[in-house]
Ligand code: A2R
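First, one chain by itself: the form predicted alone, in structure tokens.
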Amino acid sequence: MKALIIGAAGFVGNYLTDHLQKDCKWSVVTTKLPRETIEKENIETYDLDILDKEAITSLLDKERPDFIFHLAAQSSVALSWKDPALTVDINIKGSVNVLDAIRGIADYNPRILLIGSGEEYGAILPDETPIKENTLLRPGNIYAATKACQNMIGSIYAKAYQMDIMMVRAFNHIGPNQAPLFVVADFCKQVAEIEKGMNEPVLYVGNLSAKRDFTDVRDVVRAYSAIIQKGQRGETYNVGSGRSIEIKELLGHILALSTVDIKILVDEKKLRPVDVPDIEADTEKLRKETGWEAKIPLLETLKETLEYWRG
């Protein structure tokens, strides 16, 4: 079997490439932007801009992968507020280009996984937690709105053109090597730099009262491969731990691993214009249809992430 990972240079792409090669024993083709690097053995890597439909078509016609994981995205909520037009271009126009390129190739019907986000659900009502896949979407930020649109387009294409498209709403995933744009990596990086004496013993935070569902990225990529093999055409699957935790508690676990005393201060720049109080996934559909279960405990992931930044 051959898998193509579009946008493989990022945090998740790195782990997904390793999983597909080592655990699934598939051949893997990856794409990246010219400024990015992918240092993996035994894979073919191409530079690809998903806003260039002709380039996508050329690559797909040459490689004809059995499975396509569409990871390429502008995935930072904070950046989506600063540059909404860029977020729309990449997350919506780019996804349509990928699907239209596939559709335009004769006698070719791969299985496709579109990666979305738990952020799509937006302002969840108290009786809607944990969140099921059929919960009303109320996206509360630009990134979430673009991912909700991608999901709708994927569902339409699956029904209208009989394309084997599955969609994922992935909740917060964390682990070593994640960019400090995201909360756990940000906290761990700050702690590691304070421990090394690089910064004063003050850790700057945003909203600590929000509750989020965190899953180790290695469990997440296992879910992706399970869905692309066993998922149903046109269906959406939540991927998460099934338990939300307050950011304040999460920070407490990280501070407990620290070797120094640290003061906490709120940084206004880290606060979002709109923030959803509680996001927790219902993963029954995923578990029932694929047999997937999260395996790596949260505290183990936090420890490994902090050790990464210490290194």
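Fair warning: this is a prediction, and the values are worked out from it, not measured in the lab. Residues carry their position along the shown sequence, with the first being 1.
Same protein, other form: the form predicted in complex with the ligand, not shown, and the subject of what follows.
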TODO: Mind telling me which stretch in 115-123, 102-110, 156-164, 185-193 gets its heavy atoms within 4.5 Å of the ligand in the predicted complex?
DONE: 115-123
Open item on the list: With a cut-off of 4.5 Å between heavy atoms, is residue 269 one of the residues that contacts the ligand in the predicted complex?
Closed with: no
Open item on the list: Please determine whether residue 173 contacts the ligand in the predicted complex, using a 4.5 Å cut-off between heavy atoms.
Closed with: yes
TODO: Report yes if any heavy atom of residue 87 sits within 4.5 Å of a heavy atom of the ligand in the predicted complex; otherwise report no.
DONE: no
TODO: May I ask you to state whether residue 11 is within 4.5 Å of the ligand in the predicted complex, using heavy atom distances?
DONE: yes
TODO: Name the residue from 221, 73, 227, 144 that puts a heavy atom within 4.5 Å of the ligand in the predicted complex.
DONE: 73
Task: in the predicted complex, the one of 29, 48, 68, 281 near the ligand [non-hydrogen atom within 4.5 angstroms] - done: 48
